[in-house]
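Only one chain is given next, in structure tokens, and it is the form predicted alone.
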């Protein structure tokens, strides 16, 4: 047998054992809960001292609460209640071991695969999911990577046995917008070569879009077409029903993307926007929301100040752009609170940084009435902490996702507990 398949098999076995044994001992619990005597950071209606009542998976009351007799009481004296944090862009659940291809479902073959649904590829037993949620992240966008149209992203809650149970009600087709900028600092192509490559990619995008519009028009008239799952995936985008998440980072690419969106009347969300601070006025006029990050990265240009990546989101928000924050990570999605902390420290401010990982992404995804704040009637995605969630010393004491109380356990916490009190230990 080929050695690589033996290694892959061993890796899968290890992952299965980790998922079933190594990351969670306690069981999720569903029921009525009353979180008592806490400081409640509602996000949208200020801070309140009191309690939060959860019934049937939703927040039913906030503040002065009369709990039913069957509600489980959780004393939160001295603690803080926040809405669960939302990461606006990850590959969480799509990859386990980067070097083992059979455990990596992020990138489909081909440049045009909008029909590749990230939701179908999510591994609910991913070791990285509990590691993520114990840091207070309860929902994430998980997205494919790769070509011009790499697939369809989905918002998932970080609890559930199946992808469908995790689905949180939002999908968007992805577009990596054509770029004539340098791909990286070691890109040695001439300006002319980069320009030609960008023009070629732009022509390809326009050709695809023209086909998608024709395909949508034929279907709207009841005409039969050949089996085209890729074009079928764009029909709702052409109609304006499904958003297009457009990745563009350099100034020129962001401006070109805004122009393309306006020309084609697309319902768009801009992602990346590492040079968004250079085109704030254009972003404001366009009205297109932005999901940016990670903060903890290098400046977009060698001539930029060291802190441009940190201050980018604050500059956009202060200019009037609706912004959310993403980690753009897989195993390190857990760092989302610290990404927001960097943004808060470098101009965004703590209050706006909290909005950028709660209510702002919820509203950008059309779920502002369901997620992102502590309000009666909303889905119970809640974290209870002993301090500011953006501080590294803060511990998440309780997690409730979609009404389920989830143990604050992960492979990391279990290993910590195991080796903190080793028994039997060694005398020498």
Partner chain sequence: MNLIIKIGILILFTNGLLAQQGGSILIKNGTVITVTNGVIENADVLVQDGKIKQIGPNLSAGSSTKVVDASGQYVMPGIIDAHSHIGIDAVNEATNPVTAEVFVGDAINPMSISVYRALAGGVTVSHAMHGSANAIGGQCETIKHRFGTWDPEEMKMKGAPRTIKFALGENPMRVHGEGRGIQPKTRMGVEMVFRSSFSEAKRYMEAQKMHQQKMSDKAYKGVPPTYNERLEVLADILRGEIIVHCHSYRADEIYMLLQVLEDFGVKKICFQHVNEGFKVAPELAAYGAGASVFADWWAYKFEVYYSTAYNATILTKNGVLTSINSDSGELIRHLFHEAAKTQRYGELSDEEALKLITINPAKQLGIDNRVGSLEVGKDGDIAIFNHHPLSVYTIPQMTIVDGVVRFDINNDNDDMRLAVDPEEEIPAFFDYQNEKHHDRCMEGVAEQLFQFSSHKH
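Each form is matched to the other, and the largest set of C-alpha atoms that superpose within 1.5 Å is called the rigid core. Residue numbers count along the first chain shown, from 1. As the structure is a computational prediction, the values presented were derived from the model and not from experiment.
There is another form of this protein, the form predicted in complex with its partner chain, and it is not shown here; the text below is about that form.
Between its partner chain and the residues 305, 72, 211, 200, the one pair within 4.5 Å by heavy atoms in the predicted complex involves 305. Proximity to its partner chain in the predicted complex, defined as a heavy atom within 4.5 Å, singles out one entry of 194, 318, 215, 171, which is 194. Taking the partner from elsewhere, residue 204 is found to have every heavy atom lying beyond 4.5 Å of its partner chain in the predicted complex.
Mapping the unseen interface onto this chain, residue 301 counts among the residues with a heavy atom inside 4.5 Å of its partner chain in the predicted complex. The shortest heavy atom separation between residue 370 and its partner chain in the predicted complex exceeds 4.5 Å. Under a 4.5 angstroms non-hydrogen atom cutoff, its partner chain in the predicted complex lacks residue 56 among its neighbouring residues. Remark: of stretches 391-399, 33-41, 358-366, 64-72, the one touching its partner chain in the predicted complex is 391-399 (heavy atom within 4.5 Å). In the predicted complex, every residue of the candidate spot (188, 275 and 344) has a heavy atom lying within 4.5 Å of its partner chain.
Residues of 117-132 lying near its partner chain in the predicted complex, listed in sequence order, are 127, 128, 131, the criterion being any heavy atom within 4.5 Å. For residue 191, the Cα coordinates differ by 2 angstroms or more between the shown form and the other one after the core has been superposed.
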